[in-house]
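Alright, two takes on the same chain below, each alone as structure tokens: structure 1 and structure 2.
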Structure 1
């Protein structure tokens, strides 16, 4: 009887195969194939924030290097970049195309608070791994939907508090103003300045917004001059940051500018000229002139994309968006799934990458980074001023 059953089963399998009928198979993880890991991003390759698009190009160049080394567990990485021109409607279209069309395993980065706000519900609903959206931290604090989100990016609000305290306590400046982009990005900087000053029993002498459509910031600079500010905290795009610096340089006396790290790239010296000399900026990873590992990564990037030389900070920042994901994939092993990847990421504790330092995740912790240091721009190059400055872990 057993022989008859075995014969029947064998006949059935042969028949099914002959007819081309598909047998049930384990569901394939989106973006993971036997030979590829598919990643994507929506980035500003054009528009007023175009220099920030170098983050995507830097990640792309580093991925090329990783693939040349054999990829991750035998899989190469395909990285798809779509231009959103810093416009939320285009970011929405891009994310849908990456998830539903390309079928990405993870999104890497995304520049712009408004873009992230426009896309995050869709990303969460579709349970897409999202590695370091380059936005403020407010949307993630207390959010129950961030299981597949991992962030190694400074907190604009906390950064603004650090800059403000440094201006008052270390530089001895008392008349603090802020120029800020009139959106979530700029408003987090504005709030950080106001709250840090309030903690010291002070208030800003001016808080001046601008719009992305503004083609000149001389009126904003005039208001800063009328307020007799001796320091200005700046939250702007590269284009508008250069406009602001050039306009503020015409004031007498010229106020000290302290800017968000988003304007720490050498391209700012090209955009603003001499007006950018002496600006104080934070960083969340060491500079290549002061760290051999970072210098080597920059060399790797520029060998594959020499055009990124003028935007080296932004290009390196793109690698910081990417390298924790690469570490998670390595730890997850060859049979990677979304859930094994999450477990692998949660195992990262006090980890140093090629660029990043002291990164920690865990169950219930998605903010992997909580420290920055300050530097002064001198002839287009940053000269470190402080050691690491730690701020709170909030999500």
Structure 2
């Protein structure tokens, strides 16, 4: 027994001393030095959500390009990526390490509703600039603490309403169903479909959830067939979206699929094959096939990280998280402070970036983007169907 207690004491002492070596860092205007602007993100680079790590990698590649061009007002940008494996406790730790340790000027993006929820109070309390957490809009609507938050990401709920109305009014389909992931993202989609249908005096014929761990969605597809739906609105991850599309293609007659913009990736056609043909997908920035500037950005990031070719939509989305921040820094000039940055961001009106178009912020407006357009996938290529469809600004 004595041996044990002594050893225990000894080991804990070693740990204590090892930890004592680490020292806190001091900072003035956090994240802005004479030569550098420091940005950071917590992203899932390992674990079940690792594919979305491509957003951070896309932003990283684009920052490399910006630095090669001389940075912004003579400062280069340092971008620190920490892995959270999609786990809220680690996301909290990463955000705290970035803010208190590294000393970042801004956080760029955040994948996962739970991670954003776990970190947001801390981020708001410490008044950290936060660019576009890739989550639903509900937490921001009516929130008084979002002075340093800037979002250029579509609202899933509004998007689902747009898709539903399009299916009913433009395509003339009456029996609408929804397949959704059993989480915040999917729930926003489900509510959007139900509310849009209710406004037209209708109801969905089926609302079928699936779990993130499911490896086969044939039951979900059979339930859609049983409900005789003629349109299915899909809120899923790319993998599950492709599984669902392939399973739905076995139905007779085959329903029209309308999916969330998160499935706009070219990988979808490769995964689901002919089942992805004719699917209607929104986007919030132009497709590289139809827009030279977007094609150029894609080229830039693929030159610097060829592995991103598989996940090009996610990689570009990562750049969209970053783009308004770069514009804000340019406008704020060389003597940038957090407050002058906010003022610069608020001066962004109907601004076109390389990827994003028609972005507006303002005092009291943090939702920079409130429109999407629809495209139809034909042989793996998107063919635009509509002009921009605008929904109300909510925060």
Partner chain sequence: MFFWQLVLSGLSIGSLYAVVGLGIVLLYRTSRVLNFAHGDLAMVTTMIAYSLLTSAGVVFAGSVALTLLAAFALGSLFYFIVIRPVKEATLLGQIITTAGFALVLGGAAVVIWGAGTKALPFPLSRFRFYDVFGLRIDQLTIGSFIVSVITMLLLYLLVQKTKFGLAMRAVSQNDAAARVLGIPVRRVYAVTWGVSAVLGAIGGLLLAPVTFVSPTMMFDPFLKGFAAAVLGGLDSLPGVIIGGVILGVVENVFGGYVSTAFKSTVAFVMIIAVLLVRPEGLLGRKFQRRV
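In this text, rigid core is short for the largest set of C-alphas that superpose within 1.5 Å between two forms. In this text the structure is predicted, and so the values were computed from the model without any measurement. Residue numbers count along the first chain shown, from 1.
**Q** Choose between structure 1 and structure 2: indicate the form predicted together with its partner chain.
**A** It is the second structure that is the form predicted together with its partner chain.
**Q** Does the distance between the two CA positions of residue 305 reach 2 Å or more between the two structures, the core being superposed?
**A** Comparing forms between the two structures, the residue 305 CA shifts below 2 Å.
**Q** Following rigid core alignment, is the displacement of the residue 46 C-alpha between the two structures equal to or greater than 2 angstroms?
**A** Yes, the C-alpha position differs by at least 2 Å between the two structures.
**Q** Does the distance between the two CA positions of residue 87 reach 2 Å or more between the two structures, the core being superposed?
**A** Yes; that C-alpha moves by at least 2 Å between the two structures.
**Q** Can you give the C-alpha shift of residue 380 between the two structures in Å, rounded to one decimal, after superposing the rigid core?
**A** A shift of 2.8 Å at the C-alpha.
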